[in-house]
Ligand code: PGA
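The form predicted on its own is given below as one chain in structure tokens.
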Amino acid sequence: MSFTLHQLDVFAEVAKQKSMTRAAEKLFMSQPAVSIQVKKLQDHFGVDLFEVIGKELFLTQAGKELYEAQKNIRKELNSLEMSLSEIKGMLKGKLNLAVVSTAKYFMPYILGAYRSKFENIKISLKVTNRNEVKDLLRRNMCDLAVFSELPDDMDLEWVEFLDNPLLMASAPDHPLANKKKLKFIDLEGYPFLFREPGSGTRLVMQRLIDKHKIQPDVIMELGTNEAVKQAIMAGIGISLISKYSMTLEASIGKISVLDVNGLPHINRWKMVYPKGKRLSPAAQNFVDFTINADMQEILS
């Protein structure tokens, strides 16, 4: 085999970024160096991997096949490395995690699955608000943090590992609870519940409100996702809320999901750490685990 894993990784980054220049920035390489690595792959396979349409870079059919193969190769290698580490008994240490409050509904399940494989890792989990998680990152008081909406005032590295569906929810006896195909404008005039300023869900809510040009009647701001959920069930108002936080309540009819066009809004949960931080073996292993594990199986 005359091509290397490095060349495959460079190619994959170009495919992901749809740009040689942006890929070079992500990989801390020069743009000509990236081009050379991609050309070596193309020369080896004897096919074009990219095509330029207008000013945009697209994968050819051969490029799409190679991109899928690269992802599978990386997944298998990561799985192999974790398995070998487990066999050797080398993976020990402590993992300090800080997560925003909504993540408490799924992180224990993920950590349970992780601990079943790596029982020598001791885990500390801090569940708190977005601002405190940011502060812990800045002070280097945690190995990894979990956000759905990245802070725009911090220089971070991150990997995405789980969908975060956000839905509009109400009490079951709300006037809109059984309506179909609601538009955002139909929500106007009803009491709204908002998370506190700075919350990731609050940021998404504000963007949706601005996009659909509605004037919500905000009657209450609450500091936690759990408080919002309880206020919804009490009939105080409607709010945007993570699907993971209301699975039980929705299943037993204590909370209703409104059928609003454009929802659920899907963003992604992200495992983050400061740019330049050298991850401990335990932290790097957990990052790899979250990328490669079957989250649907873990959370089902």
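Just count from 1 along the sequence shown to find any residue number. Bear in mind that the values here come from a model prediction, so they are computed numbers and not experimental data.
What comes next is about the form predicted together with the named molecule, which is not displayed.
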item	value
Contact test in the model of the complex: residue 100 vs the named molecule, heavy atoms, 4.5 Å	yes
4.5 angstroms heavy atom contact with the named molecule in the model of the complex for residue 229	no
Exercise: residue 149 in contact with the named molecule in the model of the complex, heavy atom 4.5 Å	yes
Location of the named molecule contact in the model of the complex, chosen stretch of 109-117, 140-148, 183-191, 153-161 [non-hydrogen atom, 4.5 Å]	140-148
Partner contacts in the model of the complex for 177-203 (non-hydrogen atom within 4.5 angstroms of the named molecule)	195, 199, 200, 201
